[in-house]
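Okay, so here's just one chain, in structure tokens, the form predicted alone.
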Amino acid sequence: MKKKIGIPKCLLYYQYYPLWKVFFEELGAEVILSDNTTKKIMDDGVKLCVDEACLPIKLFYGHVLNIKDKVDYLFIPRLTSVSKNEYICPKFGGLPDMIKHTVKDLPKIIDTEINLRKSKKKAFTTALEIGQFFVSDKTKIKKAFKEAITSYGEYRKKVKQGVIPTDILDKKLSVVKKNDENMLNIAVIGHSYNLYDKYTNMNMIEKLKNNGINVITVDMVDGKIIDEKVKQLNKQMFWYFGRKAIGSAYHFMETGEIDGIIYLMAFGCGVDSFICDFIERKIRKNSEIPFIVLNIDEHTGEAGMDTRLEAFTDMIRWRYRDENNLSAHG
């Protein structure tokens, strides 16, 4: 019988699931996902997690509760770094311990540390350690890791071509292109788990699409472009997401093809509180691109989100249509 490994459908699921899925399946395991985020999942996570945590961490608790009784293993790696000389949010590193000491009746947790800060070569060593939970044959683990990297590369290629990650993961491959003068190009900056979780962001991307918007996310910007743009900083950015956000923001400002920028952030996020302010200052100082910040938390009323999105896009369209027609009198 295949061993079942559970992956919570949140946090870096939207970034790395195609890699994890192929890796575990090549080793003979069955991958089980938690359900899409619902009010119950959110409420369960909020009740169990500490109040001071940000929404994505609270959601993680809810997804663990949703899946823990269905699997033999839970995959909760101790994430320290996924890129050279950079870190990700420290809460990611503490998640395995937070879950173990809070949630009861857990299956075995695979909490191997993922730390590529010094070298990406460490990735194979990490894969080898994780793979030995399922097979002892190192050659088979190496082959599975190679297949997983190939799958991840194909996934990233589609995203860079303009496909929203959830469309790929849900097998709805569609690319929205700017095909008429009324369609706007709006860039959306934010962590993947905020951008693509439809429940927590109140289906923001679909609402933009339905309003004639071509959505461009941070993940669609080529990594080489981001690396080149962040060289404008006086110091090296030591947050993985901070580098992506700032590099893509500089790129959006310089292309001349972006009609507006939305920064989507979770209330209480330490990284976002700094990066968002930095990007907003740069955009307002160096460009005339309309910019708006949208905050999400555990409150689920959609009226505020809908109103701000509609007002933002209407303002941009009005600007193109009528701004030059105003009388200078008064």
Partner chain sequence: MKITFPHMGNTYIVAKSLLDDFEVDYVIPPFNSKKALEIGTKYAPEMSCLPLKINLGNYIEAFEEGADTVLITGGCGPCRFGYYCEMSREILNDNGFNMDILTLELPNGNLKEFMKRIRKLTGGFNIPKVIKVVKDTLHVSKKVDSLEKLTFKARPREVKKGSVDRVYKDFQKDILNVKGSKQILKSIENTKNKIMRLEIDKDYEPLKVGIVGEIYTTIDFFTNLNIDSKLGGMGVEVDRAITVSGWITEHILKAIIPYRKDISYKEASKPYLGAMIGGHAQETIGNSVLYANMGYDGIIQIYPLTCMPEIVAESILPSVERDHDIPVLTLILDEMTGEAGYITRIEAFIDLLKKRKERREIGEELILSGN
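Numbering follows the first chain given and starts at 1. Because the structure is predicted, anything quoted here is derived from the model rather than measured.
Below, we refer to the form predicted together with the partner chain, which is not included among the displayed structures.
Chemist: Mind checking whether each of 70, 83 and 229 has a heavy atom within 4.5 Å of the partner chain in the model of the complex?
Modeler: No: no residue has a heavy atom within 4.5 Å of the partner.
Chemist: Answer for residue 28 alone: is it within 4.5 Å of the partner chain in the model of the complex, judged on heavy atom distances?
Modeler: Taking the distances in the model of the complex, the answer for residue 28 is no, it never comes within 4.5 Å of the partner chain.
Chemist: Classify residue 281 as contacting or not contacting the partner chain in the model of the complex by the rule of any non-hydrogen atom within 4.5 angstroms, answering yes or no.
Modeler: Within the cut-off, so yes.
Chemist: With the cut-off set at 4.5 Å between non-hydrogen atoms, does residue 97 touch the partner chain in the model of the complex?
Modeler: Residue-level check for residue 97: yes, a contact with the partner chain.
Chemist: Is residue 124 close enough to touch the partner chain in the model of the complex, meaning at least one heavy atom pair within 4.5 Å?
Modeler: Residue 124 lies outside the contact set for the partner chain.
Chemist: Taking 4.5 angstroms as the heavy atom distance cut-off, pick the stretch from 140-148, 229-237, 251-259, 207-215 that is near the partner chain in the model of the complex.
Modeler: Going by heavy atoms within 4.5 Å, the stretch is 229-237.
Chemist: Counting any non-hydrogen atom inside 4.5 Å, which residue from 134, 87, 75, 155 sits next to the partner chain in the model of the complex?
Modeler: Exactly one residue meets the criterion: 87.
Chemist: Scan 45-68 and note down the residues that get a heavy atom within 4.5 Å of the partner chain in the model of the complex; none is a fine answer too.
Modeler: In sequence order, 50, 52, 53, 61 come within 4.5 Å of the partner.
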